[in-house]
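Form predicted on its own, single chain, as structure tokens, below.
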């Protein structure tokens, strides 16, 4: 199986193989090594052959098994939402570090912290932050009601639904209807992983992404910044003094996105964070006094 996936150019072929096999056998991946000689039933073999055939046609394995891991947590995923990527963990890690090290931002428990996750998709950012910051609250927005349904499922799964408000609408617009967020300067953090693939790069996107994941959550317009601009433009009034905005962008457009943030009134200390592959991935800025 791994060899077939490797030959087809699939990412992480061994991991994908283990995910499919453990899904079919109904066990954790660790059990595959603890019981290497366990015989498979005919039904299990048939199910595995079917799933492997679909994976070889570039259907994402995470959709096939209905699960993806992000920041050490298992999230439900299907074709209604993007599959969480490791590079997005940069946002979660930075927020948690900032909260721990900055006076007035809740410490490791997130005491009194309010954050907003715009274009939440599966809810992986918001739920991961709330899972780690036990006393924080979050607002998650998305234009897709289908995506919000998945985000709700994951918030329940991670035990954070009682501290998360899910709002449907375009980018920052739902925040204007929220009883707390609509009060200027209430957010400690505003985070977003918006659609950001430029039109010029769309044809080169891998088929497992382009043909299966929701385009509405991927395509960011001619230069990939159609959603990045309004997020930065509207962020400052929503953030409290010293609050942070963190937005994931296409690596090829990071410098342009940084320039947008630098030219936005009310933001200072703009910088670029690099992801696990050392690519420029997240623009972070601080709300001015």
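Positions refer to the first chain, counted from 1. In this text the structure is predicted, and so the values were computed from the model without any measurement.
Beyond what is shown, the protein has a form predicted in complex with a small molecule; the following relates to that form.
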One residue of 149, 76, 209, 167 in contact with the small molecule, assessed in the predicted bound form (non-hydrogen atom, 4.5 angstroms)
209
Within 4.5 Å, heavy atoms only, which of 114, 92, 217, 160 is in contact with the small molecule in the predicted bound form?
217
Heavy atom to heavy atom, is residue 189 within 4.5 Å of the small molecule in the predicted bound form?
no
Taking any heavy atom pair closer than or equal to 4.5 Å as contact, tell me whether residue 99 reaches the small molecule in the predicted bound form.
no
Any of the heavy atoms of residue 85 lying within 4.5 Å of the small molecule in the predicted bound form?
yes
Taking heavy atoms only, is residue 193 within 4.5 angstroms of the small molecule in the predicted bound form?
yes
With the partner removed from view, which of 194 to 202, 103 to 111, 139 to 147, 120 to 128 is the stretch that lies within 4.5 Å of the small molecule in the predicted bound form, judged by heavy atom distances?
194 to 202
